[in-house]
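Form predicted on its own, single chain, as structure tokens, below.
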Amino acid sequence: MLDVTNMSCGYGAVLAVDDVTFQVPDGQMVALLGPNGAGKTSTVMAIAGHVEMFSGSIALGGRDLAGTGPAGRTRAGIGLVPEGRRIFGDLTVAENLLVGSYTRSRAEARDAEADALALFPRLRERYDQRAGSLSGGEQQMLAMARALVSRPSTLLVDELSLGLMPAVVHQCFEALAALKERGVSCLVVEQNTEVALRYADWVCVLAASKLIHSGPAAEVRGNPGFVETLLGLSVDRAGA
């Protein structure tokens, strides 16, 4: 389980996220929603160790990750699929997967790669192809597979659906659903609230750096006014 407790983080003197607390239980998906600039990406990147944490704590499986850098957090079980994919375009699919497995032994990496390619068989067809020549959907699959070869217990996914066709979005979310069945926790930042609510178990909403809503996805799934309310909420109105 991922535990984020009273976390504040930011960039230099700029506070991006203020006193946020939530959990991502084993085998569940938490959708982190909110308007642009709310602090969603900063939250994910702080958990992964790429953004400075000012206060609070992050624990994975009961282990406090304070003082642990990005590589250490990958070894501990945090996997990151960043916004914009950030694959290595000049490397092949195989080489990108090799980069993602750097924290694991050769045998573990082979097994993890086989599992990732089973989730995304298209990548097996493109295995020796330069990653920069892949379609947008294939690049997103590669970004996910690259994170998976590190054998994460918790997967952080930032803006999975951005710029992708609906069929590819569905395939990627189905892959996350399969990972949930294996006990992997998923924290997903997503602007497509409809698809996020379809797959999530729990929903957290950020606005103006604050957590303004946390509850079961079933409570808001199918609620036609939720998106409008989400985009219109302010911290003051949420507390009213």
Partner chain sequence: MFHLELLTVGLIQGAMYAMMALGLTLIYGLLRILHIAHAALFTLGAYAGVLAANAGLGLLPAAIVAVAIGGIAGPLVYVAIYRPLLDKPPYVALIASIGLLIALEDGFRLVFGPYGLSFDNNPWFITGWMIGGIYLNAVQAAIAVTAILSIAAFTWFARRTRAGVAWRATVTDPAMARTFGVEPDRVRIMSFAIASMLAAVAGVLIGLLNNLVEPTMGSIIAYKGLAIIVLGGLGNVPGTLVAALLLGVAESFGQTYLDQVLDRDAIAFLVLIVVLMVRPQGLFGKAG
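Numbering follows the first chain given and starts at 1. What you see is a predicted model; the values in this text were computed from it and never measured.
Another form, the form predicted in complex with the partner chain, is not on view; read the next lines as being about it.
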**OP:** Consider residue 104 of the chain shown here, and say whether it contacts the partner chain in the predicted complex, taking contact as heavy atoms within 4.5 Å.
**Re:** yes
**OP:** May I ask you to check whether residue 91 falls inside a 4.5 Å heavy atom distance of the partner chain in the predicted complex?
**Re:** yes
Original post:
Would residue 215 sit within 4.5 Å of the partner chain in the predicted complex, counting heavy atoms only?
Top reply: no
Subject >> Partner contact for residue 99 in the predicted complex: the partner chain, 4.5 angstroms, heavy atom >> reply: yes
Original post:
Which among 132-140, 119-127, 164-172, 68-76 is in contact with the partner chain in the predicted complex, heavy atoms within 4.5 angstroms?
Top reply: 68-76
Original post:
Among 37, 40 and 210, does every residue place a heavy atom within 4.5 Å of the partner chain in the predicted complex?
Top reply: no
